[in-house]
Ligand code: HEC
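Just one chain follows, in the form predicted alone, and it is written as structure tokens.
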């Protein structure tokens, strides 16, 4: 049996470090969570120090100290009063620090629908009326300095959306819509991960958020809209193979007869940073490897292996998909 390939070194060419750093915020919604985390870490160290000191007294202290440690005053003050005061203070501080997570988004904020699937992410950019303007998968583009509202859904089991440098975790629950705000302070690629065990290759269910300067972001979205309005160039043999090999049963490419919705939308797959839901850099070699035997890369995912196809066919399919921009 083929062994799964290691993805860490290859992903380091896409992101600065992998897995994504959880205490290096790049936006205000992650920043408040990071500050609160450091405060809790500091409190944990203090509590550990007090517990170790008490343990030292209990084991090695004199009889007088041991008697005082076990007295009612210490129990009432240290075991009841102090925890109530400290935890209440932390609760008030934490709620005030993270209140920006619960405030309404600015009027007219960009909205994107993200649906967790086994084991990838369906992305739909919404227009001002709430209708889908563009489909994508496993990658989200946002403008720097602007709040983006994510409508988080699940198509099957409970997933959890987490891009640690941009916001906290939020569950994606079947039959419910949960709202999350994200905002990036500077351009860059930010890695994410499903943070709720969802079976199978859960650990290989990654996500990418790409933040652009506002002008560049609007140009990219306009270019994509313009590409949808014009008929894409014929893919020649690769396009024929896409139909005959059964790819169109699961995948959609806008402007073509291919309208499968069971798998990721491939309309813009040629521009994506990664493949396989954020686990491989996107280039011709990895694309051919994914087409040939995705099970060797991400065991248990729902794409069957196509290793029976000749190498030339796999190459032509990869060339066709590279054209989808």
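Since the structure is predicted, the reported quantities are computational estimates derived from the model, not experimental observations. Numbering follows the first chain given and starts at 1.
Keep in mind that the form predicted together with the ligand is not shown, yet the notes after this line are about it.
Only one segment in the set 81-89, 94-102, 170-178, 246-254 has residues whose heavy atoms sit within 4.5 Å of the ligand in the predicted bound form; it is 246-254. Contact check for 138, 263 and 287: all three have a heavy atom within 4.5 Å of the ligand in the predicted bound form.
Checking 26, 33, 297, 275 against the ligand in the predicted bound form, a heavy atom within 4.5 Å turns up for just one residue: 275.
The shortest heavy atom separation between residue 304 and the ligand in the predicted bound form is within 4.5 Å. Though the partner is left out of this view, residue 120 does reach within 4.5 Å of the ligand in the predicted bound form, counting heavy atoms only. Residue contact with the ligand in the predicted bound form: residue 242 places a heavy atom within 4.5 Å of it. Residues are counted as partner-facing when one of their heavy atoms sits within 4.5 Å of the ligand in the predicted bound form; in 68-102 not one qualifies.
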